[in-house]
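In structure tokens, the next block holds one chain alone, the form predicted alone.
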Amino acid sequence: MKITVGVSNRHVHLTQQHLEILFGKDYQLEELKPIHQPGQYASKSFVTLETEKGILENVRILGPVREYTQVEISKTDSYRLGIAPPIRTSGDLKGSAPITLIGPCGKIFLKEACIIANRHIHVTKEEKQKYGWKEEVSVLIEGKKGGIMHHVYLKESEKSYFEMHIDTDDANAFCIENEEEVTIIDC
């Protein structure tokens, strides 16, 4: 089965409380462009990520605000920042890496907030049942640097756009770009 790929660069999800600390009271995210997942968008706002060993500037905030603050980076980014975030699914922040977020009006140190997002496919419960999928699949990538990606997690949600998300490290390793098609081969 074919599926399109979305390459996810480093980004941040914020609570309204943290958004206001970083940008000021009653600050609201302004949409730059929608992303494929229903109701989500790339905002026009950016923060700086800081650790004792490094800084990454101009890290985009995705909207809308969430119930938790989360920073998603690549393994390559983790070397620049000198931290070791775990590979996790979104929202699984217990034991994740500490990081400081800096905005134009303030900064926040978060003891647990930074992860490397696992490879995943956004899927509805109905799609998962229809194809008999369990928790993970393998995906075939064709092309000059093709190969097989194992351990692609199935991220189930009620409203979901059927798409595989990988980070920039995976995209670079397999020479994949946004909107390219890959094939689910192992369920």
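Every value quoted in this text rests on a predicted model; they were computed, and no experiment measured them. Counting begins at 1, following the sequence as shown.
The next section is about a form of this same protein that is not shown, the form predicted in complex with another copy of the chain.
- The three marked residues, 79, 143 and 173, each reach another copy of the chain in the predicted bound form, with a heavy atom inside 4.5 Å.
- Residue in contact with another copy of the chain in the predicted bound form (any heavy atom within 4.5 Å), chosen from 56, 148, 154, 42: 148.
- In short, of 135 to 143, 64 to 72, 121 to 129, 23 to 31 it is 135 to 143 that has heavy atoms within 4.5 Å of another copy of the chain in the predicted bound form.
- Although the partner is absent here, residue 110 lies well away from another copy of the chain in the predicted bound form, with no heavy atom inside 4.5 Å.
- By the criterion of a heavy atom within 4.5 Å, residue 87 is counted among the residues contacting another copy of the chain in the predicted bound form.
- Using a 4.5 Å cutoff between non-hydrogen atoms, residue 163 does not count as a contact of another copy of the chain in the predicted bound form.
- Another copy of the chain in the predicted bound form comes within 4.5 Å of a heavy atom belonging to residue 177.
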